[in-house]
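Starting off, we have a lone chain in the form predicted on its own, written out as structure tokens.
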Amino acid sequence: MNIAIFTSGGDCSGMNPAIKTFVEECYMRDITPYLIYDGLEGLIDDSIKKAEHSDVSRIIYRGGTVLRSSRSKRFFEKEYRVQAYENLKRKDIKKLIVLGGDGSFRALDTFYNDFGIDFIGIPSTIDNDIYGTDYCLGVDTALNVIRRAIDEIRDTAASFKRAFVIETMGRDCGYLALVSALTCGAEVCIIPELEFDLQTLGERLKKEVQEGRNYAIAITAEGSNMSEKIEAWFETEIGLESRISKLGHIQRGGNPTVFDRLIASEFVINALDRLSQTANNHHAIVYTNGSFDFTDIDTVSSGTYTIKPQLLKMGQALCR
């Protein structure tokens, strides 16, 4: 049996530990592992090679993906999918594992419908916004990168008696911002999922300033589009000099945490079990309530991820 793995869409820490586990686990199972470089573009361009142990040595602690990634428009044209299929056919590869998001899963689902190439998608995005799974690979590392940044920015905020508005990534999902605000002691959190009341927030913070508060931390999700407004609000309404710090792509990188290394291996092992034991696979592996399961791509694509109600309830005190 020949199985290939590749990474697609945005990178995240945890991808390299997953790739390492894939290669080593395949050899233990007498499966021949293949690596596809440059995502869907590499599938089209035949950037495919048989994996050796040397390909995955010294990568477990590295962020990003040694296989590199891409966002491919060509793959959505039938002629290029035919080209990709012929590349796999020459190497007798009939099963794939993809580390990516729902866009990558939909692309491979189309490929499955065209040619019957089985695949399992491993949810891998720091946004943690894939429907059907509580956790996506890379989220814990991203949260720790954000935590370190907030802790260091707090030092400057306190030194200069300033308010800092720290913007996290996450597209339209406020998970990173909310969890970071709750675990880093922020005074304000603005996310798309929660209504906010600047008047009530202002009354609380002005009272705290009168009682001695001389700095504040606000965490905003990029999907809220509120960073500039909150910066101005701090200065005009609260009376604190303010700065914005958009953390940007540093959140995608960094040495994978222990949790991301471990769950990466668990995702891959469960995916290999499924591909080895059953046919007609075009599923995503999901992690819910502490266990792994599989769900069809249509369900993943049609659903909308929602943050757990308990987390939202905890966050209400930071937005009103």
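So that there is no doubt, residue numbering starts at 1 and follows the sequence shown. Just so it is clear, the model here is predicted, and its values are computed rather than measured.
Although it is not shown, the form predicted in complex with a small molecule is what the next lines describe.
- Across the options 244 to 252, 181 to 189, 145 to 153, 194 to 202, residues that bring heavy atoms within 4.5 Å of the small molecule in the predicted complex belong to 244 to 252.
- Contact annotation: Arg71 falls within 4.5 Å of the small molecule in the predicted complex, judged by heavy atom distances.
- Using a 4.5 angstroms threshold between heavy atoms, Lys91 stays clear of the small molecule in the predicted complex.
- In the predicted complex, at least one heavy atom of Met169 sits within 4.5 Å of the small molecule.
- Contact annotation for Thr125: at least one heavy atom lies within 4.5 Å of the small molecule in the predicted complex.
- Of the residues given (Asp102, Asp109, Glu222, Asp140), Glu222 alone sits with a heavy atom within 4.5 Å of the small molecule in the predicted complex.
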